[in-house]
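As structure tokens, one chain now follows by itself in the form predicted alone.
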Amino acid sequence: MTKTILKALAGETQDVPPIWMMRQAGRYLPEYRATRAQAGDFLSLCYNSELAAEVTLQPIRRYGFDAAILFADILLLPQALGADLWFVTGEGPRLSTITSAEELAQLKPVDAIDETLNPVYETVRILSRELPRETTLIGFAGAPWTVATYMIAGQGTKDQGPAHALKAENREVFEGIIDRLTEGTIHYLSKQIEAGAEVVKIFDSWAGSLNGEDFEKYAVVPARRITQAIKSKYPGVPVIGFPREAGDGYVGFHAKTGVDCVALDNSVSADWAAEHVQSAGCVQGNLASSHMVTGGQALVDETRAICEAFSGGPHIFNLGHGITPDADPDNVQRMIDAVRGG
């Protein structure tokens, strides 16, 4: 039995696209909230292998998605490299900043990160044993640019201004951070694959703030380096790239990076993406996550329209971004029924 996600990633067009959802294990589910309360806090949940596996499995039990994505966070890698990481309730992550050559030099070497990340690999091993046999296991990491924006600013920012400023003022340090993260991401994803991940995804959530040559140098090139390294070590493992809000940067992303699938946000239309992106290979997306809150016939209609637009090529149905905490779990089922013809 070839899993439906793997068929799509191999370029097969299917009558019914496989489906999973970014952040499908999350606060919109009451069972997730109960497990997180049991863990104590978000980071404790990420590093508790049994509980992290449990929340990964919860949406599979409830909805029967075609894939499960490892429950973790993109900022575990900089923490493993030596940055301080903590979460402020209601505000999000905070990191100690890396903005100078001295601070960059204090980061740990890549081969030292496993000491921190071993619980994540154990979560993958548990999932590879416990997931239904038809469900694909996806590992992931943040893209170097996106992770760097947090490391440089010490938190999320609306315009990634601190990272852009460091790039302009001290290109050597900025590129040193990108290089260290690229090497770390290759190692981290490799370890996830060795533990049982069947697909890996690179989340470049802030790719859209890179323009022109910067997009090529700091979104495309690191994605290509990571993908080529994974492909050379694990030639059978597909890679999904997600340069969110890349706009015209989506065009050619398959060929430039070597990824098997390009995930699309909902700032581009499915019709446009079918013509300009899917023509080069599998695409994933791209329903607006707001539909998971508002529901109704608009959710069903838009879901069906996306499936129709992408019906001529390989497609994995997903949201254009992660599901939000205020989503209605019943709307998720309505979306799945619309995709599968229920």
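No experiment lies behind these values; they were computed from the predicted model shown. From 1 onward, residues are counted along the sequence shown.
Another form, the form predicted in complex with ligand CP3, is not on view; read the next lines as being about it.
- For the candidate spot formed by Phe215, Ala223 and Tyr250, no residue has a non-hydrogen atom within 4.5 angstroms of ligand CP3 in the model of the complex.
- Remark: Leu117 does not count among the residues lining ligand CP3 in the model of the complex, judged by a heavy atom distance of 4.5 Å or less.
- The shortest heavy atom separation between Met22 and ligand CP3 in the model of the complex is within 4.5 Å.
- In the model of the complex, no heavy atom of Arg304 sits within 4.5 Å of ligand CP3.
- Using a 4.5 angstroms threshold between heavy atoms, Trp272 stays clear of ligand CP3 in the model of the complex.
- Proximity to ligand CP3 in the model of the complex, taken as a non-hydrogen atom within 4.5 angstroms, holds for one residue of Val268, Leu107, Leu75, Ile152, which is Leu75.
- None of Thr99, Gln79, Thr136, Ser205 but one reaches within 4.5 angstroms of ligand CP3 in the model of the complex through a heavy atom, and that residue is Ser205.
- With the partner left out here, ligand CP3 still marks one of 252-260, 190-198, 84-92, 207-215 in the model of the complex; by a 4.5 Å heavy atom cut-off that stretch is 84-92.
- Contact annotation for 29-44: residues with any non-hydrogen atom within 4.5 angstroms of ligand CP3 in the model of the complex are Tyr32, Arg36, Phe42, listed in sequence order.
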